[in-house]
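The chain below stands alone and is given as structure tokens, in the form predicted alone.
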């Protein structure tokens, strides 16, 4: 159904919504599981500004468009219309409700490209605006959700909502042969990717609620999992170690105090309930929060329990930074929603290779790029 009773030319609206959808879609890997959204503020048939949801947890498209319109030099009382590809949100999350920002703007008409597919909020934003006296029209069929933000359709599907779990991004660095551990003579036997890729990882860490790893990674690499510039140290994610029998060393770097210019989230160790009371006391005294969970068929902590625990904490976006064993478990369970793979300019390697498995993965929305000397693959893995 197209918008009715409008002085705006339909061709103008079609062109506007198509361009908003295309540019919003380009942000998909940065905002998932949030939707890709574009918005524009108009004065009559003149587009004053365009805004987009660019970063998960960051300002929404409507807010950016309104802020840029304020910089246009056109008085606010001349703003007539807000066009937005998805129904404005009416609830408070990591950002305030967009409906309230629209109401404060004085705009009297909103044109919406698609209704929110989430049954918990579907139609609520439109209702809020209409109850406040705004004219709200639908302009469906141009910026369709399956083209602009298909991952959000998956995120809000009945199957996903029936048994909710965090959106999980699996990040790993590999050699050209798919090894996650380089040859002993390369990068100190540890580093595959270059400085530019490591900077990107710090940025990504500042944009998730939790980092999950396994005990094998802790024992092999003694990682920190902190957020440093160019990432945002003010928003450190919690750090979660899956350690079935409490092998985490109490003197690991995970426990060291926060350094200047470093963001360091709380440390949670998830283990098999009832394991080694003495180790429990040592790790608790070192500063970890320990949570006992059920065991799966292979004597590992149940990944279903891990998902449920994180969800209950309010974790919605997870970065999985682990070795091939835990990564394979996540993939086998279908718990990986998104991948970011850095392939360094390194041949060979040690241990298991993910090359054959990577070749069999069914990627959606795949994008390939380069950073420094590394090749980067980003994609979704939803069904």
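Residue numbers count along the first chain shown, from 1. These numbers were taken from a predicted model, which means no experiment stands behind them.
The form predicted in complex with a small molecule is left out here; the points below concern that form.
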| query | finding |
| --- | --- |
| Check all three, 46, 72 and 76, heavy atom within 4.5 Å of the small molecule in the predicted bound form | no |
| Proximity to the small molecule in the predicted bound form, single hit among 107, 112, 211, 181 (heavy atom within 4.5 Å) | 181 |
| One residue of 296, 232, 118, 199 in contact with the small molecule, assessed in the predicted bound form (non-hydrogen atom, 4.5 angstroms) | 296 |
| Residue 242 within 4.5 Å of the small molecule in the predicted bound form, heavy atoms | yes |
| Heavy atom of residue 323 within 4.5 Å of the small molecule in the predicted bound form | yes |
| 4.5 Å heavy atom contact, residue 220 and the small molecule in the predicted bound form | yes |
| 4.5 Å heavy atom contact, residue 50 and the small molecule in the predicted bound form | no |
| Proximity to the small molecule in the predicted bound form (heavy atom, within 4.5 Å), stretch among 78 to 86, 128 to 136, 144 to 152, 167 to 175 | 167 to 175 |
